[in-house]
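We begin with a single chain expressed as C-alpha cells, specifically the form predicted on its own.
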Amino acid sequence: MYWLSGDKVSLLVDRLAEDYAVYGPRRDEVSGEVIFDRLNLLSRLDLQAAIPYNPPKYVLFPQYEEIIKYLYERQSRKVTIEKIDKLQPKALIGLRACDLTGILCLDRFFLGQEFVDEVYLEHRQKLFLISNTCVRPFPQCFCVCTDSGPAAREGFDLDLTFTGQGYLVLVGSRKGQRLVEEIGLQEAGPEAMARRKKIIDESVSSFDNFALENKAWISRATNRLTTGFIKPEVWEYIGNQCFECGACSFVCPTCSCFNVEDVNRMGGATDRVRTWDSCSFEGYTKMAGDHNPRKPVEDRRNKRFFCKLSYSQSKKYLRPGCVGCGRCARVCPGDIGLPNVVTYIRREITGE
C-alpha cells in the first residue's frame, strides 16, 4: 500500500498522459452533469465527482466502431481486406467499483467463452485501470445489493481510497507497481490496509443515510426469475411501461448487445462496423421471413431482467449481471429501472 498526497495527483495523471490517452470523470460546463470523457485538459479530472452519467465501457466497447475495411474489385474478382489498426493505449482513472465490475463482466462475455473477440482484446490489452473507492455512497447507488462496491476487489492496476488528505494506493498489477515506483510514491505504513478497511466499512454502513433513491433486494427476485415463478401479468405491466427507447441498455455497464453491418463508402470500399444494439428494440430478435420470437415488449423486458439477475447468467459471469450503479433507474422514462422491477416482483411475492 502506498500514499498519494492530494497535491501529487497531477503528477500521477501527467505521467499517465505520457503513454496513454487519459479518460476520467469531469463535470460538463453547460449541463453540470458528471461525464466520463477524454481529458484534453488534465486539470478537469474530478475524483470526488458522483457516478458519471455515461458508463466508461464505451472506451473499450465503442458505440460505433469500424472493425475492417474491404474492397471488391469486380474485374479481377479480388477482395482486399484491411484490418483497422488505430487503437491507442488508454488510461481510465477514477473508475467507480461498479463500473470496473461492469468491465470485468464484458471481459467474460468477449474473452471468457468459446470465442475471443480480437477487437475487444486489443482494446483491453492497451488499457490501464485506476479505480476509486466510494467513501460515501451516492443517492442512486445500490452496489451493496449486487456485491460490486463500494470498493474494488480485483481487476484494477491501481486503486485509490480517499482519506481526506490524500489517497491510499493499492497496487493490483505489475503495470501499477511500475507506475508507483516511477513517480516515487512512499509506502503508507503497516496500518494502511486496516485504515482502508475502516473507510470501506463506514461507507457500507452509511448506505441507509445517503443512498435513498434505490433499493434492490435481489435475492428473492433472482430466485423467481430463475425458476420462472413470476406471473405474466407482472411482465405485461412492466411491458406497458416500456418506451422501447433502449436507454437502459446504453447506460448499463454490463450490456454487451451489438449489431454488425457493412457500410458502403465512395470509391467502392466497404466498412464493416459494430454498433451498440438493445434487446429493448423489436428488431433485435427479428429473423428471416419477418418472424420475431420476442415481438411483445413484455417478452423483451422479461429477457433483459433474466439476463441481469437469473442464476444461469450469474453462473456465466460469476456474478449478477447488474452492478448496482442506478443509471437505468435514472434514465428510464417509464420508471422501470431494475430497482423498480425488483420491487414489482417482490410485491407479487408478498401480495402487497
Partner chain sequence: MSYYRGICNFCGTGCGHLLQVENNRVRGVYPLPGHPLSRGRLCVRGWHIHELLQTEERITRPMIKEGDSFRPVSYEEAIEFTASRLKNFRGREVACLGSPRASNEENYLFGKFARAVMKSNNLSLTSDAGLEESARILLEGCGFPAMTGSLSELRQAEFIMVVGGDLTKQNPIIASEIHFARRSGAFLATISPRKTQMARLSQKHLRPNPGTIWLLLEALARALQTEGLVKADYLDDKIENARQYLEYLDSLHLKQVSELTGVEEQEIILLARKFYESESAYVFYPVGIQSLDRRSMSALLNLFLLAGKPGRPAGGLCPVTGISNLLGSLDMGVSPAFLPGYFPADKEISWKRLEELWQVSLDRTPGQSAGSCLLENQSLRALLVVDHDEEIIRHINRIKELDFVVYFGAYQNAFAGLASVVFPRLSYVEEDGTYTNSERRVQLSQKKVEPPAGIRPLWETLSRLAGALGQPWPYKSAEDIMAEISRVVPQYSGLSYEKLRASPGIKWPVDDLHLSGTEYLLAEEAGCRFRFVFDRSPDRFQNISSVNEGRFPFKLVVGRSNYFWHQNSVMKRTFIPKREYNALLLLYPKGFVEISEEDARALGLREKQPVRIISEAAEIKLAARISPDILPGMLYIPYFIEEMISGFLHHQASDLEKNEEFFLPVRLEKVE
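Positions refer to the first chain, counted from 1. All of these numbers come straight from a predicted model, not from anything done at the bench.
As for the form predicted in complex with the partner chain, it is not shown, yet the points below apply to it.
In the predicted complex, the partner chain lies within 4.5 Å of some heavy atom of residue 277. Residue 35 belongs to the set of residues with a heavy atom inside 4.5 Å of the partner chain in the predicted complex.
Taking non-hydrogen atoms only, residue 299 never approaches the partner chain to within 4.5 angstroms in the predicted complex.
A residue is said to contact a partner when one of its heavy atoms sits within 4.5 Å of a partner heavy atom; residue 13 fails this definition for the partner chain in the predicted complex, lying far away. Contact with the partner chain, judged by heavy atoms within 4.5 Å in the predicted complex, is confined among 102-110, 254-262, 181-189, 205-213 to 254-262. Checking 82, 244, 118, 73 for any heavy atom within 4.5 Å of the partner chain in the predicted complex turns up a single hit: 244. The partner is not shown here, but in the predicted complex the stretch 62-85 reaches within 4.5 angstroms of the partner chain through a heavy atom at 63, 64, 65, 66.
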